[in-house]
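Let us start with two forms of the same protein chain, each given on its own as structure tokens and named structure 1 and structure 2.
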Structure 1
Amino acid sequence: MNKALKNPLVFTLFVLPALFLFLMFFVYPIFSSIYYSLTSWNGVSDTVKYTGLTNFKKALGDERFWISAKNNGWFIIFSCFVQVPLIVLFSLLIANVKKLKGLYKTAVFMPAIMSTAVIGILWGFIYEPNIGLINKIIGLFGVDPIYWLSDERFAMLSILITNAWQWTGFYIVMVLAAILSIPGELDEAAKIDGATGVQRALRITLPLIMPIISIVIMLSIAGAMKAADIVIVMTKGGPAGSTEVMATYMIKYAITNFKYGYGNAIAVLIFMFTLVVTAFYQLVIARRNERIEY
């Protein structure tokens, strides 16, 4: 058995299935999208007309595309500056619970295993202007009903809150696992030295879980760049395109309007924007780690 494992041919045979799947479902779709983004193909006919960079010029000159890109930016900002701090806070609170810790972990994780369609419909009822829970509560204080999903001022914020509610529990479990893996001796030593709970959280826990927080931020950025399903379920990009994101913008042109070439150009731009954002974040994290080591 050991002799067989040392044979390079054996390793190659084990790698080939995974390599085939990687090439088939990752590399090929990327190059296929790049190819069709340079054409005016409608996704149905056999005729594929080469148009060069026309689709990219059209997209970059389209105001609606930049609105959708801005909305993806709102997803990233909300995730990094609102959702992540709440994730860390709730993780710290649950980690210090003495009883029913498993119940709290299960409760916060439940939304992550639910279908996005179900969550979108559920929150659609919560945001409903006449019978929705939120308007019922604010109505007790004399506030007029707010049309959360049909008012351009509130529609994007409503989707951001719903999306955060769905995925916060998933990330809490990740951060909580990192917190619980910290040796208890460190916390006990800090207690003996007179450190308060807040001081222990800021000086011991947070620095030790920064790697997992960085992963959470990276996953949040990736999720923000591909957000589509929650928007489709709740607003379909409305009202007046105010909640359109790049993925829904792409779907409307590629599938609904049969502009497959233009839709692939949007897909390539999404891919490029994601690479730029993640690369920028990685550079920031790398520089931060260098300063810490120094």
Structure 2
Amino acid sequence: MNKALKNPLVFTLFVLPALFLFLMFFVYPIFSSIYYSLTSWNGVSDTVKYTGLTNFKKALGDERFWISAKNNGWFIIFSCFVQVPLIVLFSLLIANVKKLKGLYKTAVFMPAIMSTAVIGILWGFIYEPNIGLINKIIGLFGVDPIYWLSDERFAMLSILITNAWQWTGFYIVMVLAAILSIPGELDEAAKIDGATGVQRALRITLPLIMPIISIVIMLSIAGAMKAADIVIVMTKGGPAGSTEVMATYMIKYAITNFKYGYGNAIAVLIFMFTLVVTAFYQLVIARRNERIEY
């Protein structure tokens, strides 16, 4: 009876276009990256010279590469230790207020749908030393103007704050959805037993939303490893390369300086770093959370 749905020709025709694009833009690039990372190709010429692991040795010996890797690390640290506590706090607060819940949710989510490039421009204006919002505010307290984006001490922090400003609301909405899906009886029971609001939040809600917090952390790590456009728009990696991240370092070499082989070695390193960080998180931290839960 279901002959119509067993037609291999139709099946192939339906699957093929998407599969073709997938192979071409996801699978092939991985192998291509690995292959060219072992060469000194400039991206244009016909001859491709095999150079073994030279590119990797060069990258791992380059101080600038480590500065950019460290900045990716700052993205991760900032999201885990600054953003995540704020996300949990704000979502618990929003979940427990009676009025204005919808307004809070809608408003905090808004920056997440905007272009990172435009947000970078907007915050570039806010950080502007002479007329920008932040220096005007701290000026009210008599603090001297700070050159947020052109001072090596503050540039990275300024980017991290902008990034947090854009994405915190997004994660709040995710965690909020998890909190609101917890059955009300649990909270009721604790209330009857005399638990205070803070106790209920810490002992009932928090353990139950651990899995979603874990996802938030995983997504933040993935986002941190990919960060590039915000850096390009706000500082172009400067001042003096102090805000470079791995992706911008890769682009700088491969596209701007025609060191295509070297750029691909960086791409492979980004892959490996992502794998290591995610695996480390999954094995060491996420597992333990799971155990606490039960």
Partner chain sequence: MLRNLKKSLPHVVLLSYLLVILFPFLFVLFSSVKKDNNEIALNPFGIPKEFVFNNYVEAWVNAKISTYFFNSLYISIFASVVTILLGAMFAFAVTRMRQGKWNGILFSLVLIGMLIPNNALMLPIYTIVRKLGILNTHWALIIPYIANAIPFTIIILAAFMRSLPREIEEAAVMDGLKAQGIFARIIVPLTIPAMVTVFIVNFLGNWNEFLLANYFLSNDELRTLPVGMVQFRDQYQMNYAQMSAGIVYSVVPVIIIYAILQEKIIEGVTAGGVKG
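Heads up, when I say rigid core I mean the largest set of C-alphas that superpose within 1.5 Å between the two forms. Just so you know, these numbers come straight off a predicted model, no measurement behind them. One-based numbering along structure 1's sequence throughout.
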Point to revise | Of structures 1 and 2, the one that is the form predicted on its own | key: 1
Exercise for review: Compare the position of the CA of Phe14 between the two structures after a rigid core fit and state whether the shift reaches 2 Å.
Suggested key: yes
Review point. After a core superposition, would you say Val276 shifts its C-alpha by at least 2 Å between the two structures?
Key: no
Check your understanding: By how many angstrom does Phe25 shift at its CA between the two structures when the core is held fixed?
Key -> 2.8
